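One chain follows as structure tokens, the form predicted on its own.
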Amino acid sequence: MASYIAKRFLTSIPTFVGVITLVFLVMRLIPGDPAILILGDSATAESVAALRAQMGLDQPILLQYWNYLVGVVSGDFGISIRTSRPVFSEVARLLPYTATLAVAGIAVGALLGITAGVIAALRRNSALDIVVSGIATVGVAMPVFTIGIILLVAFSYNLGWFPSIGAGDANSFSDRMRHLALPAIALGISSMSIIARMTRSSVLEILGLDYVRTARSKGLPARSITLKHVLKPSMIPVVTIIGLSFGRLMSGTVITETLFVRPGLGRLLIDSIYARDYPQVEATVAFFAVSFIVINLLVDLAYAALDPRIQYS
């Protein structure tokens, strides 16, 4: 197991370097000068040049990239141009909001998706199966922001059941949950559709195996067969989808947090891009990349718990 984790860590390094390199280059290709954005359009050329030199932006691009990589290796992603604070202090401050939203979203998606997928598989070709498959198809086709807008219009603006913006009062659990409900459902629906489709396909495949037919021929109750012989082995591909969905939701909160005006890493990333805050953007994307890599590793390790035949080396 330790050897497998070490190998996965080593093979993830090129991916991580590729991500941070791409972000480094893209940010410098975006029109706009951070020095001018900070000082304003009325700033003199001398003051702009002095600030660019202070931020190291007057150096050749290769030298900037080298200094950036040296900082990454040493764990120093720099100081935010906007706040003049270490970039990871902002990441740490806003991470709980994003993590809570992502966990709530994947919980909604997994609960609804697995339930719908199992029911559809057990009632194959029935009206219920057709309805579940249709809803899943629509959910896959609809982007998160469209789902979010529909929820806002229906349940916030028209019915007034949930607040439309913000994260709620930090001292009130119920208020935080009311503010969390619509964003979590918006994220969950997009994941639910994929999870439901995968669950249905996986359960149908397991239902057709010999040992399941043998269990039926022995007269075992259908509920016992489903719970003991079908669900656990059928969850292996589903866990993969859930893990990938959770990693996607962590980065997908960019749209949701912006739409619902929630604090979090998503809004931090958008605001930093607008402000050309290079260090903050690079640090936030690097955190998303590491999160995705770690989640994928945990998903792979979870396979052994679901199927003892799987061995790591």
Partner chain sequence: MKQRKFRGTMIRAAILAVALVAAQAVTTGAAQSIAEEVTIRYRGDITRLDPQYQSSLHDYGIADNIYSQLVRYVPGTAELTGDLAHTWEVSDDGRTYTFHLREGVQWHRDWGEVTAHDVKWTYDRMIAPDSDSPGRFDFGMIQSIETPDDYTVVMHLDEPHGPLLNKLGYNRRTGIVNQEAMEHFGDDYTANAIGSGPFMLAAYDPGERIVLEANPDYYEEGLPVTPRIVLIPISDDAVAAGPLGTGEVSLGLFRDPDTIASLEANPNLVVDRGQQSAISALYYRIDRPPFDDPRVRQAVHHAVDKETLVGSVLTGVASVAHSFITPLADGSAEDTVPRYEYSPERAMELLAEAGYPDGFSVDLLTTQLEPWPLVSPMLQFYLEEVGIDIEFRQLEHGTYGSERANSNYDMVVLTVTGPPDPDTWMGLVHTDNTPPGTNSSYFSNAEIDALIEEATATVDPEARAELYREIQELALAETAMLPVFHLGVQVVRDPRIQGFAVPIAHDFPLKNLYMELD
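Think of the rigid core as the biggest set of C-alphas that the two forms share within 1.5 Å after superposition. Residue numbers count along the first chain shown, from 1. Everything quoted here is computed from the prediction, not taken from an experiment.
One more form of this protein should be noted, the form predicted in complex with its partner chain, which is absent from this view; the next part is about it.
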query: Segment that reaches its partner chain in the predicted bound form - one of 67-75, 104-112, 161-169, 193-201, heavy atoms within 4.5 Å; finding: 161-169
query: Contact flag, Leu62 vs its partner chain in the predicted bound form, heavy atom cut 4.5 Å; finding: no
query: Partner contact for Gly56 in the predicted bound form: its partner chain, 4.5 angstroms, heavy atom; finding: no
query: 4.5 Å heavy atom contact, Ile38 to its partner chain in the predicted bound form; finding: yes
query: is_contact(Val285, its partner chain) in the predicted bound form, heavy atom dist at most 4.5 Å; finding: no
query: Interface residue in the predicted bound form among Leu231, Ile241, Leu94, Leu151, criterion: non-hydrogen atom within 4.5 angstroms of its partner chain; finding: Leu94
query: Partner-contacting position among Thr214, Thr83, Ser126, Thr137 - heavy atom within 4.5 Å of its partner chain in the predicted bound form; finding: Thr83
query: Every residue of Ser12, Thr21 and Val131 near its partner chain in the predicted bound form, heavy atom within 4.5 Å; finding: no
query: Neighbours of its partner chain in the predicted bound form among 175-199 [non-hydrogen atom within 4.5 angstroms]; finding: Arg176
query: CA of Val48, rigid core aligned, shift of 2 Å or more between this form and the one not shown; finding: yes
